[in-house]
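This document opens with one chain alone, in structure tokens, the form predicted alone.
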């Protein structure tokens, strides 16, 4: 927090503290002395630290009289934030804008901001210009975006029947996981505050939500066998697994065969040196072994006209949204019985979001058990009914 010119600030923690709620002050206290203390901030905690530093920069500019000529760029500032943290960020951003009248360029795929601005900051709408950057042939064009289009679409979403009550669970994870000095449990399904197991059956679409920093991605990586817990108990497809289970069991028996995970950051899963076509051809499934099959897979989330050039493009040259769609398509192509989707809408534009949601529903209809983790509560709480929703809590 005291980096560069921020070292002169009287209290650099003051602004970042506003991004944590009253019930999260214990978490904030653990983060402040992070170096050299061996504590690992979550993605959402890191994001709030960076936002706090940016707000301090804005205050410095305002106090020096420079902010009226200043341009402040926020690139995907809420990608790792839960709804409450996102709202606190927007409240702070508008507060700084009113104070200094600087120019703010906010780059985001978080369409849920639209509803909050309209509901809580209606007077700010006259100062906000919604624009959308679009591909136009070989170039790009900037067009107006109608907030009403998103809000009407969200209003029209109807919950899917996403959870079955009969048959044994495909996956059951017991409350009481222990990792990084924390004990984690599940409440639900629905709004229940009672401790429960996280259960998913074939054909279920289950939504796991929690505040930023609670450990959702950590739990997902424990389930998939990428993160070793101090203690956990899980049943998957009739097999009992825990912290003493050998990692090679997941590697040899489960990865890509019975379970798959889509990471919230596509770069974690993709070989950036390969081409798009190569990243599909390497998968051990019949549909990816022919050019026709690969093009068919790509066509479900990409426009037909772009496929030939896209297939030959190196992954490192793709945009964030293109990488995310490729990341999703690779997981869908494997067709494992269980799939974890960690922030599947990251970096996606509105049209891509609707196509991805349709693709997820097709996987569920085919009998895949799906665990979905996302901070995009506006969309997924409209799409997934309470009986298919769990909350991760620290016990």
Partner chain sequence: MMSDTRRHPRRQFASFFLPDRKDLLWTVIWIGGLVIVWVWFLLFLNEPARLRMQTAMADTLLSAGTVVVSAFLMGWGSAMLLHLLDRPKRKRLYLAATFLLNLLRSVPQIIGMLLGYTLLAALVRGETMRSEFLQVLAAGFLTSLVVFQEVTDVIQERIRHYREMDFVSALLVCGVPEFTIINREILWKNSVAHLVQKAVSVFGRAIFLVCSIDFIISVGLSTEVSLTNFPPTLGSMLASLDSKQDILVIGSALTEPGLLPSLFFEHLQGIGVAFVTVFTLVCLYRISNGLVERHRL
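Numbering follows the first chain given and starts at 1. What you see is a predicted model; the values in this text were computed from it and never measured.
Form predicted in complex with its partner chain: not shown, discussed below.
Inset, instruction - Look at the candidate spot formed by 259, 270 and 282 and say whether its partner chain comes within 4.5 Å of a heavy atom in all three of them in the predicted complex. - result: Each of the three qualifies.
Legend entry - in the predicted complex, the one of 263, 236, 207, 186 near its partner chain [non-hydrogen atom within 4.5 angstroms]: Answer to the contact question: 263.
Legend entry - Listed residue (226, 106, 124, 151) with a non-hydrogen atom within 4.5 angstroms of its partner chain in the predicted complex: Filtering the options by heavy-atom distance leaves 226.
Legend entry - Region of this chain that lies against its partner chain in the predicted complex, out of 361 to 369, 344 to 352, 55 to 63, 329 to 337 [heavy atom, 4.5 Å]: Of the options, only 329 to 337 has residues within 4.5 Å of the partner.
Inset, instruction - Using the partner position in the predicted complex, report whether residue 255 sits within 4.5 Å of its partner chain, counting heavy atoms only. - result: Yes, residue 255 is a contact residue.
Inset, instruction - Answer for residue 278 alone: is it within 4.5 Å of its partner chain in the predicted complex, judged on heavy atom distances? - result: Residue 278 belongs to the contact set for its partner chain.
Inset, instruction - Examine residue 300 and determine whether its closest non-hydrogen atom to its partner chain in the predicted complex is within 4.5 angstroms. - result: Close contact is absent here: in the predicted complex, residue 300 is far from its partner chain, nothing within 4.5 Å, heavy atoms only.
Legend entry - residue 291, heavy atom within 4.5 angstroms of its partner chain in the predicted complex: Judged by the heavy-atom cut-off of 4.5 Å, residue 291 is well away from its partner chain in the predicted complex.
Inset, instruction - Scan 234 to 253 and note down the residues that get a heavy atom within 4.5 Å of its partner chain in the predicted complex; none is a fine answer too. - result: Residues within 4.5 Å: 248, 251.
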